[in-house]
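There is one chain below, alone, in structure tokens, taken in the form predicted alone.
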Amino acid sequence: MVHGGADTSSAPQFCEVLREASLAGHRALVAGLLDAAEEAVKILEGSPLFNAGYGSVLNRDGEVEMDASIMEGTTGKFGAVAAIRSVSHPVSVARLVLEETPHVLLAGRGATEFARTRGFPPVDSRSSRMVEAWQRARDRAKQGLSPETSLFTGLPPDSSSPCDTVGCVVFHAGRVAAASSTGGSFMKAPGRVGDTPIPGAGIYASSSCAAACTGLGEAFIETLTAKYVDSLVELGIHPQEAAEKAIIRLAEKRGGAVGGIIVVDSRGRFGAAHNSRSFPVALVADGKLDESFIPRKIN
């Protein structure tokens, strides 16, 4: 199951990429759980429609700094990068951190240099749409005007634009994994890191379940929402109910914070909930797209 971010449009072009990502992940399952998670997120990172990889928002200085992570539930192994620059697929770098280093998180210049040593060439991750959004916001700020844009994208709130983090959860043969990637929040301070590379905040995977979150990163970090979902599922609560409870808790604890969560447990049960305007999700179950599945909106 993959999501494109809270408040992301459910227009056909967005849903088509999400379906492509979920099918790519399913095809990669023959190689392993992490392969499936990585391949699904790579599709989203490669699309300019989503706030990850090539479609990432710009920070205050007009640069792209990205966060990504990947986690396998049975082993508890976790790998992440934070504030990485100029790479096409941060989630792939995060996986190499997990598999080829004794660390769990590399940040900033160190993360970028690590990617170069592993064969990731320098790329410009700034899409034309995000550059234009940054220029508009900067011009309005110079005039003393408010941006009138989405916190996450720099685009008008009613536009067909992505919000925050993209992510996926994977189940196969009683095991689970999760992965996530994001460009962060629009006009953020250089070096700002969100919830995506923090285990238990933006993503989490254990022997019980895998969860991937999206929304304002600071709120998810302060509430450790992904780990909270895991604690509920561990108690026997269905993933759907766990996702709903976590969204309600997030809003209560952090002043109406907006977000979305997808979850799958080690029994193959799944759920998704959000309190945003939209939260498009694509689900592949038993090798087929489940077009009937709709995330539950919490008012």
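Note that residue numbering begins at 1 and tracks the sequence as displayed. Note that this is a predicted model, so its numbers are computed, not measured.
Another form exists, predicted in complex with a small molecule; not displayed. Remarks below refer to it.
A.B. asks: Given the small molecule in the model of the complex, answer whether the residues Asp164, Gly184 and Thr214 all have a heavy atom inside 4.5 Å of it.
C.D. replies: Judged in the model of the complex, Asp164, Gly184 and Thr214 all sit within 4.5 Å of the small molecule.
A.B. asks: Determine whether any heavy atom of Arg192 comes within 4.5 Å of a heavy atom of the small molecule in the model of the complex, and answer yes or no.
C.D. replies: Yes, Arg192 sits close enough to the small molecule in the model of the complex that at least one of its heavy atoms falls within 4.5 Å.
A.B. asks: Sort through 124 to 132, 194 to 202, 77 to 85, 111 to 119 and report the only stretch with a non-hydrogen atom within 4.5 Å of the small molecule in the model of the complex.
C.D. replies: Checking each option against the 4.5 Å cut-off leaves 194 to 202.
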